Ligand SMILES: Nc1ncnc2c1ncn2[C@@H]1O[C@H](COP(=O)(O)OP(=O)(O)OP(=O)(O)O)[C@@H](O)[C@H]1O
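Given next, in structure tokens, is a single chain: the form predicted alone.
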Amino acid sequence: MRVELVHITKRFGSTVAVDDFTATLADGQLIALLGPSGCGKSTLLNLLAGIIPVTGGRARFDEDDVTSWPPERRGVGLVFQNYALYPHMTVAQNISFPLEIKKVPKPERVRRINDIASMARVEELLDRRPDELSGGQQQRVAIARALVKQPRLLLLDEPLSNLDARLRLEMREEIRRVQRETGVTTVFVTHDQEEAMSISDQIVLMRAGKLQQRDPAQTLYHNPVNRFAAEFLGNPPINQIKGRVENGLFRTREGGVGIPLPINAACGNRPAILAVRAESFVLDEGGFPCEVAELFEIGKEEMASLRVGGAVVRAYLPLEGRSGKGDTVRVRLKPRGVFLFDEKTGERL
């Protein structure tokens, strides 16, 4: 099912939680709603579910305008952060509950429970109660309960946040597997960029209730539309060097180091931020000078901390045994992973 949101706005008193949000979510994809805490992700999810009404704008599921529809009419499956399983019911009863509400005949209920339990890999847990399950098992049951009613749209509100790191990795792969098997359009709320980048078809990046960028993960990483998008994705965080664009050259604010870039003449002369991914530095005797501040080994990777003018940046460079702390090395920048932003607006130049 395709989801179309047109100028969606949600206010709570004087607080604007979602601000003029417009986006189309493609049919059958897993879409991550990504952004910092308080950016409006969960509010947008609740608007999709119909749990809270919009202040303005329209929501469409395929050709249906569902803006004023109640949750039970929308055909939505919702998995909360705490799973919200009924503690007095068995796994089978928890999964069956939505079907009982819809008065699905018992033979059909049994068939669908067994089918979805097998898909979610909880078929051996059907007689247990939630307090007898691990966190990962509870999550599988919650997803099975959401899917058993065959929703048009599956909504997941930070479902991995209560799990330990190893189980988070396993369970996000499980979510991806189940989503591919069912083909149901799925919206997944997270503030974890690694989760969003690892399993989603599209990332919807939000900040302060506004849409910043909607693209596949690699597009967001390699082609961010603004400074916020560039700095939110990437580990280690993208390096940022303050300076000015002057006659087609970027010059650092401190130290006055000139860094040649293919700068468009339309950029003019202005204060700017040069943002560079750690993997975008290359040793080159004809490049600009940097001082080695520190050297690190991170597994098989060699990382250097370099001073460029007054800025300190991280760079993946093979300097171990070749240069030491305090030495000067010369580097150039790769064409990929290097961005220039207006310092005041964050707009990409």
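The first residue of the sequence shown is number 1, and the count goes up from there. As the structure is a computational prediction, the values presented were derived from the model and not from experiment.
Beyond what is shown, the protein has a form predicted in complex with the ligand; the following relates to that form.
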Even though the ligand is not shown here, does A17 get within 4.5 Å of it in the predicted bound form, heavy atoms only?
yes
Non-hydrogen atom contact G309 with the ligand in the predicted bound form at 4.5 angstroms
no
Taking 4.5 angstroms as the cut-off for heavy atoms, does S42 touch the ligand in the predicted bound form?
yes
Contact label in the predicted bound form: S198 to the ligand, heavy atom within 4.5 Å
no
Candidate from N264, Q81, S118, T219 lying within 4.5 Å of the ligand in the predicted bound form - any heavy atom:
Q81
Please tell me which of R251, R74, R128, H191 lies within 4.5 Å of the ligand in the predicted bound form, judged by heavy atoms.
H191
Using a 4.5 Å heavy atom cut-off, indicate which stretch of 289-297, 58-66, 32-40, 318-326 touches the ligand in the predicted bound form.
32-40
